[in-house]
Every structure is written in C-alpha cells, then in structure tokens.
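The chain that follows stands alone, in the form predicted alone, written as structure tokens.
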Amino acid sequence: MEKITGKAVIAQGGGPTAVINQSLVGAVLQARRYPHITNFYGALGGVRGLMEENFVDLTQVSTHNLEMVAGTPGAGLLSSRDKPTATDCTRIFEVLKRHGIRYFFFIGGNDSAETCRIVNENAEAAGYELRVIHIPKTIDNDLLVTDHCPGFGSAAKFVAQAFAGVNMDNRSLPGVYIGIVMGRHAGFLTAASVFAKRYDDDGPHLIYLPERPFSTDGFLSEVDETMTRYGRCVVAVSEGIVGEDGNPIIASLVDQVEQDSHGNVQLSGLTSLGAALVQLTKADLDIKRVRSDTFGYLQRSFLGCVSSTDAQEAREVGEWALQFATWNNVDGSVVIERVGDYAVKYSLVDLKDVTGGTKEMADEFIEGRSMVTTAFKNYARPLLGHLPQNERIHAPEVRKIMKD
C-alpha cells in the first residue's frame, strides 16, 4: 500500500494528566521512522490552537528534550476545554488542508474523539486523504470500549497514597475525614482509594460512587456505625454522587451551584460538597472533629507520583497511533485490550464507537452502597504499579499497676 506523504499535527485536549506527554512523545519519535511524514507539528492549546494555526514544528526538537518532556506531567502543548461545534471542526479541517497536513492525532477524552470523528467526516466528504487517529487519555477512566485509559493509573496511585496518608493521620487523631475525589459519572478514581487499606481497621471505611444513589440518611447512619466500631471514620466521596432523582447531591446541599462551560453543574475544584457533608455530619451526629479535603487538580498531574505501568502504556498508545495511521492507512481510536494477568495489546476501533457515551463501573466492582469489591481491586491493582508500604508498631501491652 502506497504511503501518504505530507505533514502531521498532534494536539492535546481536556484535563492534563501525569502521563499525557508520554503519548505525545511516543507519537513524535515514532514518526521520525517514516520519511513520508515530512514535518510533525504540535498545536498549542488544543482545539483553539488547531483553529488559530498556533503550530510549532516538533520535527526540530531534540530527542533529549522530548524525553524530558515525556516524564513531565501536564500538557506539554497546552490544552483547552473548548467543545468544538461542527463549524469549528470544519475550520480545523480547512486549516489542516491548507497546511498540507495528512496525519491528524488528537490526545484526549470523549470530546477529542468527537472532534476527530467530525474532522474525519469533513475530509471524506472533500475527498481529501487525511488519516485521523484519536489517542485515549482521561483520569476518569470512562472512555468506552478500551479496558482502561492512560492517565487513570497515575491519578489512582495519587488517590491511594493520599488516603493512605490521611488514614495514618486519622488513626493518630481520630475523627471523621471526608475526601472528595474527581469523577462526574464514573467512580473509578474514587474507588482507587481502597488501596489505602492494609489492616482491617484502615480507611477508607466508606466509599461513595456516582454509580449508586447517595442518601444523606444512609450516609449519616454508616458514619455513625463506623465511629461506633472503630472510633474514627475515613470517607472517600466522588464529586459526582447523585441522589435517587439522578441529580448531583451538591445541588441539594448547597443554595447556589455554578455551571461549567458545557452547562453541567460545576463539580471539580469546588469545596462546597465536602463543606456541606462536614456540616451535615457535625449537626446530626454531634461529632466535633470532622474535616474534609477536595483533591481537585492535585490528583491530575502530581509530580513524582506516576505509575510505571501507566507511563509505559501512555507511550505505547502514542506509538501505535502512528503505526495504525502509516502502516494500516486507517482512521480510528486506539484502545487497550487486557490479556492474561497482566498484559495488554493495542487495537483500533471506529471513532463512532468511542463517542457514544461514557463508561461507568461495572456492578461486579461495587459492594453495597459504600464499598468496592475484590474484583475491582484485581482490575485496578496492575494499573497503579508499586505503592509504598506503611507499618504500625507491634509491641506487647504493659500490664497496668495503678488502680482508680
């Protein structure tokens, strides 16, 4: 099959991750093996960079610089939250066409895959040879078809280690602790807090996910039971928890809620949910020491907390994107398939298969209304890589000799 000769461009969209640059560098370095890719451009600022022709020539970047960027969290090409319209995608196609670009790669989640799909349709309608590949990325782990998403493993490792530290703090000074974790529709990231548990009485003792309706009465009852049993309680809560009516709980606990650029109730970056649950707990259970944290952006690109598995697979999806585009001469979205225990292989699916919705945690991963199962731990454990161990003092008790 004759190779298409021309330029390539790559962009990064949506929230950054600790390993998104591995995918970028994997694609760029792989492209250097193919002389028919004449230049490899990077679009600065995601969709906006594509529309406004804000390109840099990555062909001229040193391999050493690229490798250093690969190990750096955050989007090296910068990103955006823009959700392009059909008109915007037409503009992107016209820009690519005018620059003689024949290979378009977009690293991102659902919106990035949708952008790829529409741009691809524009190219087909115009009879313009353009290979379009979506490279998966999201810490939420909610893309359809793929077994898991690059970016999730490292964010999950951060969540697990953060809760491990919180648990040791809470054991030292008992009370109720509530940690709010990212995840609008899928609870994968919040569920990863379970890896903080080593001893039977370790937290998190309760894990609340958006896949199960949240009841304030049930929450208070379970916190009370946990306090009675252990004298303390560590709680992991997904920012996207919903009530029986399917609406975000934050809307029922807070007088005024903000909306994001897509018209959804603003969840990420706000401390409202944690503060509301703290006040609810204090008022109903009369517990004085109740604290909360909203992890917010910390979990996305935390320097020095990267899963080796995640980094390797993020690099490989970028490399395979080039392989599929050049050797197979096809368009699509790269997906990860799990084989054995534990290995992966990579394949390509139709762009439409990825853009039809979001993936939630399977029922087999969720235990009751506030815990996850061993099946989830078996699924997620390889993705987090090595976790540091904590230990307790194991010493015999000294007999008391004083009497009241």
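We number the residues from 1 along the sequence you see. Just so it is clear, the model here is predicted, and its values are computed rather than measured.
The form predicted in complex with another copy of the chain is left out here; the points below concern that form.
Residue heavy atoms within 4.5 Å of another copy of the chain in the predicted bound form occur in exactly one stretch of 166-174, 141-149, 314-322, 108-116, and that stretch is 166-174. For Glu53, a non-hydrogen atom is located within 4.5 Å of another copy of the chain in the predicted bound form, even though that partner is not displayed. Mapping the unseen interface onto this chain, His386 falls outside it, with no heavy atom inside 4.5 Å of another copy of the chain in the predicted bound form.
Residue contact check for Asp341: none of its heavy atoms lie within 4.5 Å of another copy of the chain in the predicted bound form. Residue contact with another copy of the chain in the predicted bound form: Gly296 places a heavy atom within 4.5 Å of it.
This chain is drawn without another copy of the chain; in the predicted bound form, the residue among Val330, Leu280, Ala251, Cys305 with a heavy atom within 4.5 Å of it is Cys305. Of the listed positions (Arg291, His185, Lys83, Lys197), a single one reaches within 4.5 angstroms of another copy of the chain by any non-hydrogen atom in the predicted bound form, namely Arg291.
Highlighted residues Gly14, Val69 and Ala162: every one comes within 4.5 Å of another copy of the chain in the predicted bound form, counting any heavy atom. Residues are counted as partner-facing when one of their heavy atoms sits within 4.5 Å of another copy of the chain in the predicted bound form; in 339-367 not one qualifies.
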